[in-house]
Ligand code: 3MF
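Given as structure tokens, the chain that follows is alone and in the form predicted alone.
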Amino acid sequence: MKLPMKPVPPNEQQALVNRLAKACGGAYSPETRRKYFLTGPQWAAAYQGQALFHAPTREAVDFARVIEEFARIGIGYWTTHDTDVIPTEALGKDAQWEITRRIGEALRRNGVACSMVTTETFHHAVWAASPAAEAPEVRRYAAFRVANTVRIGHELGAQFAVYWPGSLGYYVQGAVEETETLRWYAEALDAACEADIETAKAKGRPTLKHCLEAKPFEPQAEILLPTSDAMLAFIGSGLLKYPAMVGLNPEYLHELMWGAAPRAALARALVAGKLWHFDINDGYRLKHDVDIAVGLVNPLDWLNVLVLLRSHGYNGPFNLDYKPPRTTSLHGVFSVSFPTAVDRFITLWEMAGDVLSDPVIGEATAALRAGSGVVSDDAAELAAANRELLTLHELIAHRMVQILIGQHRGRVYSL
């Protein structure tokens, strides 16, 4: 294809982006987007492109702008860390409640709800030795922070609180005693749950769902709760006072990046009854946390994930926890990045419905579960009896690819 060589002046570039975005088609209306439990994080929309090796590429944006843009796009829910919107030094003080009041007004004005709050326990220097540090004063501060976030969540009408213990670990061996650290971390979660019980009773609201989020590596060299499975074991370890109040918030890429299968991790959480919240994004195995938007890297895997969740009636949030690329402008964040991420998710979710109702997949699955009917104690005879049926595994995978690319509806390419 011959590319045009005429330069695009700066004052014409935004119009070009808008025109090409419209030419892509496939967009859903804001009203349709709001029908899905899709939540937009303050930190994702306000991300300026900075990282360890990257300077910011976008100007700063405040919560009022983010909430307004989410409403325009059709993202009906907003999520935040405490310090995304409140300066650390203002936490627990009168200034905090004034900011919370203004956030509430912005949410109501735009018809957006706060679905989840989370506490920053990884960035500030106070967390250098984690929120479960040896120093008791740091642990007391950690308990204050998570309890304070719970109270903010109730004030904003949130349903969920999420905890990412990314700094719960060590850089050098022997630096911490792991069993002590896990006990201390459990104490912080107990403080959050106790604040939740007290605040919910005072406000006449249900308690929040407290969700742990795992990540296999970064920012510590070794992390004590690196996977969702490790967190399930932690919840069931007996360390927590309120284990029934604590579940999981798996993140797709966090499960993928250590070489695992996100769908399998989600299945284990479903079996345990602990899949309460889900951070959605995309990326690559055995790489760092690139946080690419959903469906841009692994659309077939995402289709499989959503088939699993639809078939088990998952009705929790899908939190758009990704970073718009550094190459995307601030205008592009709200005119391209978030709308297209939402629309890819919706399309994949509806495709998952096609998979579940597809007659070919339905018959193949039923045949596999029916088996051959041969009853024998001879292993070779049983293997031979089911040999042809097992070919259906590959046929099912092929059919899912057909559904993904529209081939099941007659889309073919001819030479």
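A residue's number is simply how far along the shown sequence it sits, counting from 1. Every value quoted in this text rests on a predicted model; they were computed, and no experiment measured them.
Quick note: we don't show the form predicted together with this ligand, though the next part is all about it.
- This chain lacks the partner; the member of 210, 139, 81, 154 within 4.5 angstroms of this ligand in the predicted complex by a non-hydrogen atom is 81.
- For the options 192, 168, 162, 342, the one in contact with this ligand in the predicted complex, meaning a heavy atom within 4.5 Å, is 162.
- Under a 4.5 angstroms non-hydrogen atom cutoff, this ligand in the predicted complex lacks residue 228 among its neighbouring residues.
- In the predicted complex, this ligand lies within 4.5 Å of some heavy atom of residue 254.
- Contact check for residue 274: every heavy atom lies farther than 4.5 Å from this ligand in the predicted complex.
- A residue is said to contact a partner when one of its heavy atoms sits within 4.5 Å of a partner heavy atom; residue 118 meets this definition for this ligand in the predicted complex.
- Comment: 118 to 126 is the region of 176 to 184, 118 to 126, 300 to 308, 232 to 240 lying near this ligand in the predicted complex, near meaning a non-hydrogen atom within 4.5 Å.
- Remark: all three candidate residues (43, 215 and 289) come within 4.5 Å of this ligand in the predicted complex, counting heavy atoms only.
- Residues of 320 to 336 placing a heavy atom within 4.5 Å of this ligand in the predicted complex: 321 alone.
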